[in-house]
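The data below hold one chain only, encoded as structure tokens and taken in the form predicted on its own.
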């Protein structure tokens, strides 16, 4: 995977582009705004936080044709932009190129697969934390494991190679045989934290400092676990709630991405997080009133 194209110049897209470019990988950052691409070409990426402050030179473009030689396409756009992003580049990709989504929420792997085929689709999650401070300017606030796998399942040489490539760039990555429980595990964390903290405009750690909000967190996660169990996954509410609370402690000072979106007057990904739990619950006959309420409250705060 000699040429890596990253779609989306937000916090995570710029972070991964910077780390991979620093490691000597050929990276092209694709944004939909020509003026943003020009700024990135002229000024490069500005990374701060973990690893110190530095600038990283990276190729950037607003022309999807420029990714036609990419071996790997990494999707780093919001979940509601997944279909548009994949449609934009699908026609230009060479036949052997693969697409990796590390996005939040449910449905991204399926959307990518619909356009490029499951055999060319990889899914995953990352625990890296990053905040966009400006065009191409990112604070790397937290480092954690990245986990990737084939959309069709199975531990392949290409996904193991990609895990090694990322790890060599300082993005510690593990390849797994079945990515589905991993995606749901990340979803359960987001369901417990993002919407509740966004509505209250609180940092993550505050959610478990107050008994009332801690109970809402527990209820939202428990509902989501019940949906996951109906999907055939083997989560337990006690373990999932404990995990979410541990993340609250570990990221106590963080403003989650959904809250940041609201503060910037942007659409959120709530439909792909708490809203996805509601939608799956309706299909499976699992009641999800807490997640429904959180979804509606976040949507009421959206522009």
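All values reported here derive from a predicted model rather than from experimental measurement. Residue numbers count along the first chain shown, from 1.
From this point on, the text means the form predicted together with ketopantoate, which you will not see here.
In short, of 111-119, 93-101, 193-201, 136-144 it is 193-201 that has heavy atoms within 4.5 Å of ketopantoate in the predicted complex. Of the heavy atoms in residue 189, some are within 4.5 Å of ketopantoate in the predicted complex.
Put simply, residue 254 is close to ketopantoate in the predicted complex: some heavy atom of it is within 4.5 Å. By the criterion of a heavy atom within 4.5 Å, residue 58 is excluded from the residues contacting ketopantoate in the predicted complex. The closest heavy atom approach of residue 262 to ketopantoate in the predicted complex falls outside 4.5 Å.
Of the listed positions (67, 237, 37, 247), a single one reaches within 4.5 angstroms of ketopantoate by any non-hydrogen atom in the predicted complex, namely 247.
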